[in-house]
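Just so you know, structure 1 and structure 2 below are the same protein chain in two forms, each on its own as structure tokens.
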Structure 1
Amino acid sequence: MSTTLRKSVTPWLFTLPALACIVFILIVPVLSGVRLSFFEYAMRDFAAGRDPVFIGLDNFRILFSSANFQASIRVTLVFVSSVVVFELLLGLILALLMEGGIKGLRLFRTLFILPIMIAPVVVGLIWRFMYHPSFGILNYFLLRLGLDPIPWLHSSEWALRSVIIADVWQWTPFVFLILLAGLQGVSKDLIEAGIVDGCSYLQNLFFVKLPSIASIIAVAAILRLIDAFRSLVVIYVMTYGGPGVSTEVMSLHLYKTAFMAQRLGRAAAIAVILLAILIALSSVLVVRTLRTERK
């Protein structure tokens, strides 16, 4: 084998095992799910050993005509947009407050990262107890202040807000750490040049710092978008989608369709729609980030 051929083949030999794992673990299940979305297949069919029945796009037609599925889309969009916006804003504010290397920054980082390390089931239980109408700590403080208790998880008006608060509490530290690292990597020369030119703090922020970390903000937004669309465990533990369907996001609707209604084909169709939404949103953010960097 010639030296040139060996150099061109060697990298592929090293990456081949990783590529095989990606294909086996990621691509094959996705393609299988897409295929299953065109079939009628239930748990009882699987137990009886019957083959799936091809029904084309019927699963998608049924879903888009279903009031519950339409409600789950609305709830998901409200939930995702709310948590991503609040987490980015709060994470950026915290990062700006601590970018200067304040005393005890390591301790603050450790404290802030604790919510991320807690298991989602535990997070759901913690907030469920805190929201409890009788002995929850939040209603206790409201009563001490002379205010009426709030039915946090038992009201359609408050349930989704309560779930959003729990998610923001858990994942704002993640955004904070990413943005803090980005801000600390901004060239000090650019900031000092702005100060010398008479820029105020806000001008330096909007014209120097934020443009410098625009790609990092986009990455944080993409990561949180993807994860928020997949949110299931915390909502399942806190409300199980209730009251009614006021907190039933698409991932929870998928779970109920697959394991409660036992409609595997229809659940696969929900997964395909969810995947399409994630790809579309992520692509838009990636394209905009690339355009910003080119400028």
Structure 2
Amino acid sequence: MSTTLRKSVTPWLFTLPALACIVFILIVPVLSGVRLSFFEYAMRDFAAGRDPVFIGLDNFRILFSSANFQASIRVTLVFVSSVVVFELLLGLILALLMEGGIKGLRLFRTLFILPIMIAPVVVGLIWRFMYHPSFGILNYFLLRLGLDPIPWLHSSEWALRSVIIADVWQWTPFVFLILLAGLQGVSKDLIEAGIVDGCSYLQNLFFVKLPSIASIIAVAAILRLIDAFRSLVVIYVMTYGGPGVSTEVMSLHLYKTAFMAQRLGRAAAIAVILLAILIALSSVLVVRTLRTERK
């Protein structure tokens, strides 16, 4: 009796600490955030110990009619779609150049991890340094080439592009690593069969290689989409959302709503919207992974 009891309790004992952490530090806060999104609650209410006031969907209604929130959605969509497209394209090109073993491949792969590992704060600082209007290295290069300097972070026209460039710099290596691993898994026989049949490089690429890594490209795209929607720190350090709101992505808008405008309830509503987007994106991934698990 006691052994069967022990047998049924033991697995739970092993998973209990993890379960407790996940429930109390992730799930409870997320749910309480969802609840808070239906309340009016400002930082001063919190400081004075007043209770949140239930206002139904008003936070969401206000958000969707707010010009700043609409702007942040637009900025986010431009940012996310641009970085994903550029990173996939450049990552794929790099992976194609390096598959089939080049000299020093291991060294290149190692060096390419660096931008991914470095703290976002540091990435933001380095790029802010390079973008500096008067002593930034990029404008110096432009001058040397006889071109006009660019107001990288100081014009609303250029700031978003500059932020996108920094993200592409940091995350293209990630896409490259995934796609390279994918390409190296493509069956050699398949490619050789293509060559024997007289396929050109491009025919081989479009009819053999790309179709065989299509699902890996899709996963890389989703992983980058999820991360790009979450991206905040590099932008915080480089522009703090400015000039104006030209680089204020949703996650930054959330942070500012909570700690600058000090509207905690409304910030929670933005969090709910962001969470909905991310759950939709990651459910694609979960379904796929559970399917391959079962095999």
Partner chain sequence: MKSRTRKQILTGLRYLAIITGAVVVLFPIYLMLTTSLKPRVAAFAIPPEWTFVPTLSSYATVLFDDNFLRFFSNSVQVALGATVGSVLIAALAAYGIVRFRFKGSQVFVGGTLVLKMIPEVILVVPVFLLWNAFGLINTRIGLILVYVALNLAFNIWIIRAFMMEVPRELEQSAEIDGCSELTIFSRIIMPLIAPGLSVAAIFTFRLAWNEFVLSLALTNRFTRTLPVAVSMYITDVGVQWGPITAIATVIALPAFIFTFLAARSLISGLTAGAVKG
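One-based numbering along structure 1's sequence throughout. Just so it is clear, the structure is predicted and the values come from calculations on it, not from any experiment. Basically, rigid core = biggest C-alpha set you can superpose within 1.5 Å across the two forms.
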Point to revise | Panel number for the form predicted alone | key: 1
Review point. Can we say the CA of Ala67 moves by at least 2 Å between the two structures when the core is superposed?
Key: no
Practice item. Establish whether a shift of 2 Å or more occurs at the C-alpha of Gly244 between the two structures, with the two forms superposed on the rigid core. Key: no
Practice item. Give the rotation angle, in whole degrees, of the smaller rigid part relative to the larger one between the two structures, based on C-alpha superpositions. Key: 11
Point to revise | Distance moved by the Leu281 C-alpha between the two structures (core-aligned, Å) | key: 4.1
Study note, to complete from the structure: Core-superposed C-alpha displacement of Pro29 between the two structures, in angstrom, equals 2.8
